[in-house]
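Encoded as structure tokens, the following chain is the form predicted on its own, with no partner shown.
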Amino acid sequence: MIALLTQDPQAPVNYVANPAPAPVLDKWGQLPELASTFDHVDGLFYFTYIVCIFFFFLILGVLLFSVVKYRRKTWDQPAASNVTHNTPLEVVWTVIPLIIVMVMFAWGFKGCLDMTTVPHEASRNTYVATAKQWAWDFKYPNGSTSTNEVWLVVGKPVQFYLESTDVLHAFFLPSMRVKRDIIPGRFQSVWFTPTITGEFHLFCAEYCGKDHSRMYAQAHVVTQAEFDKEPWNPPIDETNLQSLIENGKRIFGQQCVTCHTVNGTGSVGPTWKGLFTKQGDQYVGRQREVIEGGQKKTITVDDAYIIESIKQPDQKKVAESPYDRNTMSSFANLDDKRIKCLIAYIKSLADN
């Protein structure tokens, strides 16, 4: 099965550390396989689809019949009829579409009520999804967090409080049949009940800037037993350098790969490769020109600079173009243990 990495076909193949498989289409080949209880979305979609197809061929057939039967055969042929209107026919083609449209409205209105009326069980299982350019942060009911990946329990209703730290975004889970705009400064929420275990795509569905198409996350639906192991929060052995590096690489794939690279090529942000050089057993930071307080200055890269760049990215912006014009989101909530992993991973990219 082809892996669907992101919305952006030009994105690098390693954009997502563990890409979810391409979605399985429904039996009509139209929508992703339904993975929640909101089946009324599919019903209304196909009802509207069938109505459109039916009236397309009906109207097209009448037009073709009229063109052939009543075409002018000679230049002086008189009009076939002088009738200007037909009241019964006009009533029919007004009333029937009105009935069909009202059915669609009632069907959609009922579905909208189902989606906006959060059941008590879902409200007791509330997550917070924070959208920012260009990543997703998730806070679990127990207070733990993850980035660009979220784990849910199959068969357990869940509610998401939605917030944005910058611009307009949208929370879109096609397989769950839910989409809700995330408006800065405004309370929004969405809920659903996942019914199938697996990995599903979560997109931003509102244009939010240059890398909107790369604002992608994965929703993992697992059993309660697997969820209880907190796979988003694996243990980190701070005494084991290799463990720190591997976890740093994983965190990079979740949170940093949107804007940075590790192979020396440019991106939205500067590459991590070569920030340090290795001299024996020691890592020595390179010199870098930055802009601080509007003034250009030269600093030596060290742990303190990396920590500051993660939590206060605008404090010392890289002076090189185009990085001096780009803006990085703050990761102030990233804990010290994960920052230590990232630093270990950055140093592992050092030039010898």
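Counting begins at 1, following the sequence as shown. In this text the structure is predicted, and so the values were computed from the model without any measurement.
FYI, the form predicted together with a small molecule isn't displayed, but the following is about it.
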{"property": "Answer range among 70-78, 193-201, 262-270, 113-121 for contact with the small molecule, defined in the predicted bound form as heavy atoms within 4.5 Å", "result": "262-270"}
{"property": "Q159 within 4.5 Å of the small molecule in the predicted bound form, heavy atoms", "result": "no"}
{"property": "Heavy atom of N247 within 4.5 Å of the small molecule in the predicted bound form", "result": "no"}
{"property": "Contact flag, Y323 vs the small molecule in the predicted bound form, heavy atom cut 4.5 Å", "result": "yes"}
{"property": "Interface membership of T258, the small molecule in the predicted bound form, 4.5 Å heavy atom rule", "result": "yes"}
{"property": "Candidate site Y305, S309 and L342: all three near the small molecule in the predicted bound form by heavy atom within 4.5 Å", "result": "yes"}
